[in-house]
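The data below hold one chain only, encoded as structure tokens and taken in the form predicted alone.
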Amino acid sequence: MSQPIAEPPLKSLANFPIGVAVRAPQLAEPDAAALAARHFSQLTAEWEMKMEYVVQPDGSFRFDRADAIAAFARQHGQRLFGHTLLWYANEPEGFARLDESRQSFEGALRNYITAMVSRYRGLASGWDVVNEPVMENGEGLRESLWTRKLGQVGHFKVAFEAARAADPAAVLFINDYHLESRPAKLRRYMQLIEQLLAQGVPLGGIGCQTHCGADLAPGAITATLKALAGFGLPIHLSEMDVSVVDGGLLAGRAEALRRQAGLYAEAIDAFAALPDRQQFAFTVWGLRDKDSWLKRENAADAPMLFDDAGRPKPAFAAVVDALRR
């Protein structure tokens, strides 16, 4: 990114927060930092607020990188979004080997959530309290260390109640992916939301990650957001990226990038069509193509709004056009 970007800042065009997932080292790069500050009004820590980074083998916590991201957000007048307090895939050694003769498992989890949420109280507008609870096929909920120790519903209640006590003002989310491409998973996700609300769990918002491929059928994102909006809760389109290698590059790279742009535009249109009170934030899951987890998995992928050098792609132009509508 040798020249300043001439395009308008995305955050200046939107009536809702525009977010991006970052890692702390990216914010130490002048070009990446300038891109993040210019275009985005909310930051999500892609990795450094997850247990796998925070919880050490002896059970102690490290906040250095999360603090760095929080400091950047504060310096640039951005919101912070907390991601994530509880994720089935994270089973830290400090919890797995917990001596329950000294501290209960539930007490240790409440202590962790209290420490995390309290530390960023006043800056973090919301939290993914429970991340990706539904099985890929939609047939049930995932099993994990947390469910084995506290039960399926029990671990939800503990996590949400502890987060609510630590910051009554933060919006507390459940968050999952492939909701727009797997109808059975969307149905099970919605059933879980109904169950949690019926049981008085302080669930305050719904996350729809929106990781998708360029071959996703037009209209699928729109239908998914409409379905989730039926609960009347704030919606976070929380982790959007569009892979151009899914679906065998369609008819070729140019067509994949065209379809990618169309899906980003559809997502903006669908999100903007929600009632204002339900528009929590629209977040993309990476700054530049080279920052994306998809690029780390497949070097041929290019899922973001900006290329490796930070230059805007057709998807960026499509988002600008959609925001201006």
Ligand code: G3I
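A residue's number is simply how far along the shown sequence it sits, counting from 1. Everything numeric in this text was worked out from a predicted model, so none of it was measured.
One more form of this protein exists, namely the form predicted in complex with the ligand; it is left out here, but the text below deals with it.
The partner is not drawn, yet in the model of the complex one stretch among 41-49, 257-265, 28-36, 276-284 has residues with heavy atoms inside 4.5 Å of the ligand: 41-49. Put simply, of 243, 125, 209, 224 only one has a heavy atom within 4.5 Å of the ligand in the model of the complex, and it is 209. Residue in contact with the ligand in the model of the complex (any heavy atom within 4.5 Å), chosen from 87, 156, 112, 120: 87. Each of 132, 239 and 296 is positioned with at least one heavy atom within 4.5 Å of the ligand in the model of the complex. Shown alone here, residue 23 lies within 4.5 Å of the ligand in the model of the complex, counting heavy atoms only.
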